[in-house]
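One chain comes next, on its own, written out as structure tokens in the form predicted on its own.
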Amino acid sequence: MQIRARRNLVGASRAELAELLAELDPHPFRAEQVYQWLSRRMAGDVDEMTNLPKALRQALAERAVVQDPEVIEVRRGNDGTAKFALSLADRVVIEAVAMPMEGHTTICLSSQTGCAVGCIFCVTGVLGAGRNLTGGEIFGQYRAILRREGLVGAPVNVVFMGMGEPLLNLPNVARAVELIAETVSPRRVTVSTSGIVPGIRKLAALERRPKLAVSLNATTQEQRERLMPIAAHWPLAELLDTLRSFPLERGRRITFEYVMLAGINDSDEDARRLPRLLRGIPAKVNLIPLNPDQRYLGELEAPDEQRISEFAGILAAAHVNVTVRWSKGREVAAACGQLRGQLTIRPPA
């Protein structure tokens, strides 16, 4: 007799749950009840779904499981940042981060098990490509962190700034954003991209759009290709024209992330070019001093604080909304550009 594998309910849509439950219960509203347990109450098991009849819970448990990625390690920084190593069903390990902020926690999620973009200042990119995460795996990271940290029902922001390029996995990222939107407004969700122009256009077409952040890091096409090889596919001018037409709700801006590299992209000339590039785009600029890693990033270094301050001053004088983002969690390798979870593969049980 063939044994049917139990389906993981994490990441399932309303339609998928309705199809499964139609075989078990005649009441259509049961699918919505299960969906709410998974996406709002973050139930960890079918038995927690106490408004379902006991017989239905038993029947559902025979067909399905509720299984998030397994948290196998948590490293905590002095500032309260927590980096999570999470094991997927195929034993690949990814990393995600929770950062305590004033009044909320920001959760940084991964969208792939590696990254093919190859930015020279990012450990994940230097280590190379992996596979796409499913919508359930992405949402499962979120659930696992909320449950582990006691954050179910607490105010959170979500950023897709972990391992991978989200817009190279947009269908699964969009599924996860839809599920996260059950408890977090899309205005508190940010998707960061290295500038995948077709992906930006597809993101623009979504009915409920998260906020958009673009990793710019350079003020000329030549410079950008040196730092971000994928930039060769989409010229800087095309990227910026696409962003000028990106639909923004009232009060929203596009965030431009600019990783600062000493002697490479931190000159006064760069600072003067940047406002001209962003003309016509409601924008804010986050200057991010490089988080160095001699093992993977070689001799790349961040500019000193005076150079960063002078660069920011030139932008501010040109009426650019600019902040310097000092990364949290550096001592536990949880800061921007430091995630490298794919290196650890669990041995078979």
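Please read all numbers here as calculations on a predicted model, not as lab measurements. The first residue of the shown sequence is 1; numbering continues from there.
The following text describes the form predicted together with a small molecule, which does not appear among the structures shown.
In plain terms, the part of the chain that comes close to the small molecule in the predicted bound form, with a heavy atom within 4.5 Å, is 157 to 165 out of 176 to 184, 157 to 165, 142 to 150, 90 to 98. Using a 4.5 Å heavy atom cutoff, 193, 257 and 297 all lie near the small molecule in the predicted bound form. With a 4.5 Å cutoff on heavy atoms, residue 39 does not count as touching the small molecule in the predicted bound form; it lies far away. Among residues of the shown chain, residue 217 is one whose heavy atoms approach the small molecule to within 4.5 Å in the predicted bound form. The closest heavy atom approach of residue 122 to the small molecule in the predicted bound form falls within 4.5 Å.
The small molecule in the predicted bound form is not approached by residue 66, whose heavy atoms all lie more than 4.5 angstroms from it.
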